[in-house]
Ligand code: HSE
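Consider the single chain below, provided in structure tokens and representing the form predicted alone.
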Amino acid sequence: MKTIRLSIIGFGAVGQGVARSILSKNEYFNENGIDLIVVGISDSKGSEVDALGIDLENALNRKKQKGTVANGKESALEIIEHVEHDIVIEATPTNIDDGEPGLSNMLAAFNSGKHVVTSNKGPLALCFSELREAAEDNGVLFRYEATVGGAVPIFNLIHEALAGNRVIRIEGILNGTTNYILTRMTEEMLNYELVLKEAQELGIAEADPTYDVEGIDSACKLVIIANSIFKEDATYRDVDVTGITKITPEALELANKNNYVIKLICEAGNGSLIVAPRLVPKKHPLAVGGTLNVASILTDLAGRITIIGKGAGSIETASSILSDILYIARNS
């Protein structure tokens, strides 16, 4: 049995989803010869550390009842640098201004010889090359499947299943909130403001939806794809971005009459990075509805491969994090 010790840095929806997934999949890990032990958890108010393994049920209940997991004073960086473990799961909130605290957490993990698995887009959208080089310099692995597409395995598919192929172009829908809004506007011919309010009431859109509806979230994800797959050195500021706030019911109705839908499409390839509303034929693989995400990957050998799935949600995102943990457990 191979023992893998983890820390969970950030215990919001994603961090808690990881904890729940580890609990529910414990038998599966053991069947595969892996014993996962969480030795440190940190949230914005404090932490818990136990070298013998934290009781995750207890931690989740305490978070629910008290709003924090804290029963100790160790900071996130103290856990990363001084608690003995193998993998740091960095799940703090995305910050696209300076990438903090995620950027410092990841660099500290690499410099202390720990692998990183993350769902945090901000540091990768700003400093992808720096992070990749830090991981390589320290001989550790850097995995980030959960940063793009939730449960949709874009990076695992391209880097592993499609290894040997040259990726020519990638197009997709990488934001479930905007896809939901455009789908509802099309189905009911409702205006943007009304559907946005509905999405906020359902918890699909944030109270401040700017990152989503202005295309910034999609741009961050597109940059991670470009840097990881096309080996570019871009930041989200290099993306040509147009959001969905000015799309009218009339435009959607006209598109509908001509057998099209309007979708917020991300495009990467041949050096271009574009996020903008596009007309998509109704029967096209990119014409998915609701909160679904989709990525259509054009390769030189395998042709075009399209994958569709849930692009958000704590358990869905945890699914990608678990796949990265297992990759490291098997390959480190």
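Not measured: the values here are computed from a predicted model. Numbers for residues come from their place in the sequence shown, where the first is 1.
The form predicted in complex with the ligand exists for this protein as well; it is not shown, and the discussion that follows is about that form.
Does the ligand, in the predicted complex, lie within 4.5 angstroms of each residue among 204, 212 and 311, using heavy atoms as the measure?
Yes, because 204, 212 and 311 each have a heavy atom that approaches the ligand to within 4.5 Å in the predicted complex.
Give me the residue from 101, 122, 176, 243 that has a heavy atom within 4.5 Å of the ligand in the predicted complex.
Comparing distances to the ligand in the predicted complex, the residue within 4.5 Å is 176.
Hey, in the predicted complex, is residue 217 touching the ligand, heavy atoms inside 4.5 Å?
Within the cut-off, so yes.
May I ask you to check whether residue 143 falls inside a 4.5 Å heavy atom distance of the ligand in the predicted complex?
Judged by the heavy-atom cut-off of 4.5 Å, residue 143 is well away from the ligand in the predicted complex.
With the partner left out of view, is residue 221 within 4.5 angstroms of the ligand in the predicted complex by any non-hydrogen atom?
Yes - in the predicted complex, heavy atoms of residue 221 and the ligand come within 4.5 Å of each other.
Residues in which of 182 to 190, 225 to 233, 68 to 76, 168 to 176 have heavy atoms within 4.5 Å of the ligand in the predicted complex?
Checking each option against the 4.5 Å cut-off leaves 168 to 176.
For the stretch 91 to 108, which residues lie within 4.5 Å of the ligand in the predicted complex by non-hydrogen atom distance?
Sequence-ordered list is empty.
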